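Next up is one chain by itself, shown in structure tokens, the form predicted on its own.
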């Protein structure tokens, strides 16, 4: 069976949220299905300059057999409650938030029993995926009504993504360090600008590139990573404790001769 079957048998995929990441989703899925977009900032009937992508009402987007929620985690509960009356039986609802414990709890509690739920976290963004998404990673957490086998096959074979099957708790434990430290260091480096551009090292270039990948993330993304991941505060506390230890060691070494 073709990997395209997963979306090709679904006449329309609903996309709720058309910010930077929603547009990235649409750009890569429109070759495989029609997409109906709803965003409160997008007037109905707006002509979206992407073939196969059309603006619609919330009801039109939420009544599709697959509904992707590309909204900030802080807006997820309100969004889930808004789409609930329009969801069809056996619809697949997918989120793309940067944290997973909180969205998983919201979706399982607020969505009707007759829908399937998969929590995901694409481990890339518009900056890191500007040359394409193939080879990038995506975390997938099946939550209700499906083992996500066909979705995983589509993500792997058709989109070329590296799929990591995990749980919301395991995801947030690792992401608290992987994402939390990246954004923390990026904020420090940005605060120290201007940075040297001529006399640098390869390792410094990597640090600066890493900061550049996340420096333009929406404030909602940083808020979710820093404050809505239940493990972030412990990672942050440990980071600053070690930083203070390093500072003390430097002070004890005395001034340079």
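Since we're looking at a predicted model, the values are computed, not measured. Positions refer to the first chain, counted from 1.
Although it is not shown, the form predicted together with another copy of the chain is what the next lines describe.
- Using a 4.5 Å heavy atom cutoff, 164, 188 and 242 all lie near another copy of the chain in the predicted complex.
- Listed stretches are 60 to 68, 192 to 200, 24 to 32, 45 to 53; the contact stretch with another copy of the chain in the predicted complex is 192 to 200, by a heavy atom cutoff of 4.5 Å.
- Contact with another copy of the chain in the predicted complex, judged by any heavy atom within 4.5 Å, is made by just one of 151, 123, 76, 117: 123.
- The contact residue chosen from 84, 147, 90, 136 relative to another copy of the chain in the predicted complex is 136, the criterion being a non-hydrogen atom within 4.5 angstroms.
- In the predicted complex, another copy of the chain sits within 4.5 Å of a heavy atom belonging to residue 181.
- Heavy atoms of residue 110 never reach within 4.5 Å of another copy of the chain in the predicted complex, leaving it off the interface.
- Residue contact check for residue 209: one or more of its heavy atoms lie within 4.5 Å of another copy of the chain in the predicted complex.
- Residue contact check for residue 12: none of its heavy atoms lie within 4.5 Å of another copy of the chain in the predicted complex.
- Using a 4.5 Å cut-off on any heavy atom, the residues of 225 to 249 that reach another copy of the chain in the predicted complex are, in sequence order, 227, 228, 229, 230, 235, 236, 238, 239, 240, 242, 243, 244, 246, 247, 249.
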